[in-house]
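Just the one chain here, laid out as structure tokens, in the form predicted alone.
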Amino acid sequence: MLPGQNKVGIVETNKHSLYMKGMETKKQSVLGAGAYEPKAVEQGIYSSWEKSGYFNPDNLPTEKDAKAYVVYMPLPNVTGSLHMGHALDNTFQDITVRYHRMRGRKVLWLPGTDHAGIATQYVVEKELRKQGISRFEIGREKFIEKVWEWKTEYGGRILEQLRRLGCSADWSRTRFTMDPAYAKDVQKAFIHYYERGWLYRGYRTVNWCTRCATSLSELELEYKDEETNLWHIKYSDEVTVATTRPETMLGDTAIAVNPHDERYQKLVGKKVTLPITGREIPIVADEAIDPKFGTGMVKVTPAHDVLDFEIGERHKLPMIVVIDGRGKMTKEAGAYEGMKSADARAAVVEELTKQGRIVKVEPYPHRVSVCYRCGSSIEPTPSAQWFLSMRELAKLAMDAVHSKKVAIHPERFEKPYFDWLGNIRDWTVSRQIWWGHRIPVYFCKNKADDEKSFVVAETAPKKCPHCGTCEMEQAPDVLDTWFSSALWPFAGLSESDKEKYYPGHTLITARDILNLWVARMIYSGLEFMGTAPFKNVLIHGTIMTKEGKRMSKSLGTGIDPMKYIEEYGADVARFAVVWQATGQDIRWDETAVVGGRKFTNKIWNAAKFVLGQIEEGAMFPVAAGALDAERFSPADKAVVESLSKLKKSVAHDIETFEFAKALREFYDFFWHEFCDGYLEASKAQLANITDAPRTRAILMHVLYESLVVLHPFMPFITEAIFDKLPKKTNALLLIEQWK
């Protein structure tokens, strides 16, 4: 609250202007005598920005031939709330769009939210369980209604928090990945891939979440370290295998060795009897086997390991399912039927011990795969799924980066990008949940046993082409969330927007979705639009705890950026994340928050001093003629030259995504060269009747230019000060030209 006022408010006095109530008298700073109070101004300033309409590029006062500059917002989940990663990522994006908007470009920052199939279904199911209801009791249609109700009530929370952070996205173009127009484009993409022969239905071993009861791609898995054992099991005098999962041996259909492993070459082609079951299984040679792991002999269970499935396909091995989708042993497991897999493991080990087949047991640190949403164990399981062939699409994505049509910054992230695409498996795109884009596939009811009795189409055929009589039934599966988000740069856009704003320019995101999302957007853009969706991808570091561990709300190590915004204002929160983002992962240090708070006060106090010197009739920006360079004192010359260099340097840093470097350069100039240096020198010059006019002009020039340069980083305080400048070019700093 400003001194001498009972209440400070922001009122709009014309379409694009905002003014604080309580104007001070001449020679007393219009900013008041107290410290900067962000709570007093931020809401009103943001309201003024939104009402101006300038977040929408179609409303910007740009030149007729101004080029578009498009930034795509990484889609926050509709279930999400702002975390430190969002704060960093979206501050970087906002710096970029504010800068390019001030450079006279038609800037579009496309915002939206992702329907987050598994995550959202999990949240709504939890709410239903509190009421003693399961989704199966109310049925699919009613459950989807419940999800939409939840989305209406809670789904916009994170976008409101982004507004609090100061994000200047074009909210009028906000999309949701389940919007009707978006859904239509998703359907078309599925049909397009099918007609190209790249989308097929197959019975394969997939990663299966036992809680969510759905398939997952390998990129949707997370891993936790677990201390387990490596059991060495003697199958025969010549065959001993090492495994961390003895219970799966009940489904073994081969033993595999590396073809170059001289120890076992003579055994290839022979058979061995599988303990407990008594079945005979072959010994095969396969390049995928690591001769250094365990004994160099590996049990092959095609039904319960993705790599084993691929070995099985190469050697035409049968699949025996001994663990079902709930994580329980099947009839094929014999005496262990109905047991949980963990219990069966103990029972199998006990039986093998009795038979004298356990040769050795050694502790083994194991990385166990879990569902990225619910944290439940993954159980590889055979299932009929829809797969997208990746060979041609991966080549598109690799060629785009090899040819530099898409540049990844920093370049070191090209390696994981190429490594993944170069060794990619076909993508399992179907999911066995209810919330999401239902696949446009219709099955014949009368030929349910015929796996080829289906039609891929936007709507069910009026007449079944297979039996001629049934009303075809839509497949229950939905598409992987990443399938729809891969279309984000263009799906659901109007034709005019596609023409004006596709392709875009920049994507800023975290490294953990480089392959999940970035690569998929690149090949989707090339396949459907003929052009890569963006030219530059900035991959930034991750904000960690002070100890260098990943932040986790569930473990109590997460930090809510809203607490900083509430207590110190959005500019301080933005300052703190950018200040620490020097290229590597960030070990969060709260001293940057303290530094940001001190800096806002320094800016405010310096502005108060300068505005207190302004004579009636002063104009901003200062006319070039008012800066009489021939009469500059050494202090005048030093500060003006430093400011000129700073402006060029910061512009270069923003355009090359060196945001922390740019902020630190500005900080050093403003705090040390301007405040500590020139402001002190100016006091003596202002006392001299000859030097005073020139000194005032330089003070006004430096303040104005500093507001322009700092605005992308700290938009609220700069806009609040800019509002007090008399006779300025624009009512809002938001669209002031960076020249």
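Just so it is clear, the model here is predicted, and its values are computed rather than measured. Here, rigid core means the biggest group of C-alpha atoms that superpose within 1.5 Å across both forms. Start at 1 with the first residue shown and count on from there.
Here the subject shifts to the form predicted together with the RNA, a form of this protein not shown in this document.
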### Query
Even though the RNA is not shown here, does T152 get within 4.5 Å of it in the predicted bound form, heavy atoms only?
no
#### Entry: Interface membership of Y372, the RNA in the predicted bound form, 4.5 Å heavy atom rule
no
### Query
Taking 4.5 angstroms as the cut-off for heavy atoms, does H672 touch the RNA in the predicted bound form?
yes
### Query
Should W579 be counted as a contact of the RNA in the predicted bound form, where contact means heavy atoms within 4.5 Å?
yes
### Query
Taking V298, R412 and Y667 as the candidate spot, are all three within 4.5 angstroms of the RNA in the predicted bound form by heavy atoms?
yes
### Task
Have a look at S389, Q584, S236, Q474 for me and say which one sits with a heavy atom within 4.5 Å of the RNA in the predicted bound form.
Q584
### Summary
None of P282, G338, P461, G595 but one has a heavy atom within 4.5 Å of the RNA in the predicted bound form; the exception is G595
## Note on the structure
Among 427-435, 614-622, 271-279, 243-251, the stretch whose residues bring a heavy atom within 4.5 Å of the RNA in the predicted bound form is 243-251
### Query
Is V594 one of the residues whose Cα moves 2 Å or more between the shown form and the other one, with the core superposed?
no
### Query
Aligning on the rigid core, do we see the C-alpha of G294 shift 2 angstroms or more between the shown form and the other one?
yes
### Message
Please state whether P365 has a C-alpha shift of 2 Å or more between the shown form and the other one, with the rigid core used for the fit.
### Response
yes
